[in-house]
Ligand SMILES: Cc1cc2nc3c(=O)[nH]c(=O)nc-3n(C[C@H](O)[C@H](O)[C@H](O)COP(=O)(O)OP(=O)(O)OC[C@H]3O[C@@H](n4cnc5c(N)ncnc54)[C@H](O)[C@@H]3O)c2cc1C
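Quick setup: one chain, the form predicted on its own, written in structure tokens, and binding and motion questions come after.
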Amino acid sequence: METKNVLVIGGGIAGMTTAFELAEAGLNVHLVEKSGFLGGHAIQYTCKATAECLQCGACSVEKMLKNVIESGNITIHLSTEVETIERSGGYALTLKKSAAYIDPAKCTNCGVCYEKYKGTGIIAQGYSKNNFPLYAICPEKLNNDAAALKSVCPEGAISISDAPSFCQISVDAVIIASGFAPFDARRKGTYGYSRFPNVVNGLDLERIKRQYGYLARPSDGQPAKKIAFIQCVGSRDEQLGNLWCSQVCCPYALRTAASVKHKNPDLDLTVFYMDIQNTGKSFPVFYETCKDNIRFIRSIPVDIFPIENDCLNIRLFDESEGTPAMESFDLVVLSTGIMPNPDNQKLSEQMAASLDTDGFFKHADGLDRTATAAEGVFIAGTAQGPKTIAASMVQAGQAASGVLKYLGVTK
């Protein structure tokens, strides 16, 4: 029997999981990722364990990335997008690869290029040791540095072209796992994100933890002692038209808070929330435990004001007094919501797969959340709507099973 070929669009946790499941079933998989690294947003998350595992899923992403990299049945296309697609029995596609890239066959991950251009944004570094190559070129940052950059690499792995490269592939089915875009916190102007250095979002906090090993204030690198987490930033917001719950914000913030409190019991932590979403059978017990060490205020602040020493005043509601109050914090963390990937509209048109009113991909079968109305096109992960890492992996497995059934392949 002829080996079937499948295209997976998106190299986040859902895309990697579907790719690996299909590869294990003996299919040839083309995994297309727009950025220079696999892992999506989830690969940036750090472990949230305290004295026990808090089931944050970060280790699952690392493990799956390693599985994909080592699989012999997966062809990885980094810095690549689908340019054109035609239906002809299966699908005939043209893939477009970015003009500037690093040849993985020659790169040794020595880091010479990264150190040379550190701080310029020209060379990006991956978040996992399992990323290979560990570095990627950002073409939009090159300007007049292209020729000099090429000569920096001792292995000759850097290739600079005036035009992108193209390749043609044919596949029998497609899985869309395009992931999500974090809500742009600048849209909530009264919080001062990007204007006040010590107002950060969740992904910023992960980068800070990786860089410093503790919760440092971006303004001066000093350890933050009093930290506020503000929930539902960009989610469940009628004024923005984002009425959905992003599902991941509550467990993310609480696991982060519990983890840093475990390592530093003197931290003063406050969580501002609408209500805490239950995201699993063990979560209610975990939430009750968090109440012993973390202050919870059932109110979403409206304004943040900078004060001396780059600290931040938050206007809040004093529950005990029933009146507005003002309180200062060293660091404010915005739990930003999950938004549809802006590329969904283009992919929807290319694949003839419909979007819902919010901009996520729509499933065509009430009993199968992975099948679209387009024959041979499936969806997985947050491309279909907000999900946790665990839920994304489960749906990815379901999408892989749907593809195998559609192609008549048995494991």
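Quick caveat, the model's predicted, so the values are computed rather than measured. Don't overthink the numbering: it's just position in the shown sequence, from 1.
One more form of this protein exists, namely the form predicted in complex with the ligand; it is left out here, but the text below deals with it.
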Which of 219-227, 80-88, 301-309, 261-269 lines the interface with the ligand in the predicted complex (heavy atom within 4.5 Å): 80-88
The ligand in the predicted complex: contacted by all of Y45, D343 and K387, heavy atom 4.5 Å: yes
Between L347, L27, V68, A371, only one gets a heavy atom within 4.5 angstroms of the ligand in the predicted complex; which residue is that? L347
Hey, in the predicted complex, does M351 get a heavy atom within 4.5 angstroms of the ligand? no
Quick check on I175: any heavy atom within 4.5 Å of the ligand in the predicted complex? no
So in the predicted complex, is the ligand close enough to Y252 to count as touching (4.5 Å, heavy atoms)? yes
Using the partner position in the predicted complex, report whether G192 sits within 4.5 Å of the ligand, counting heavy atoms only. no
May I ask you to list the residues of 6-30 that have any heavy atom within 4.5 angstroms of the ligand in the predicted complex, in sequence order? I9, G10, G11, G12, I13, A14, G15
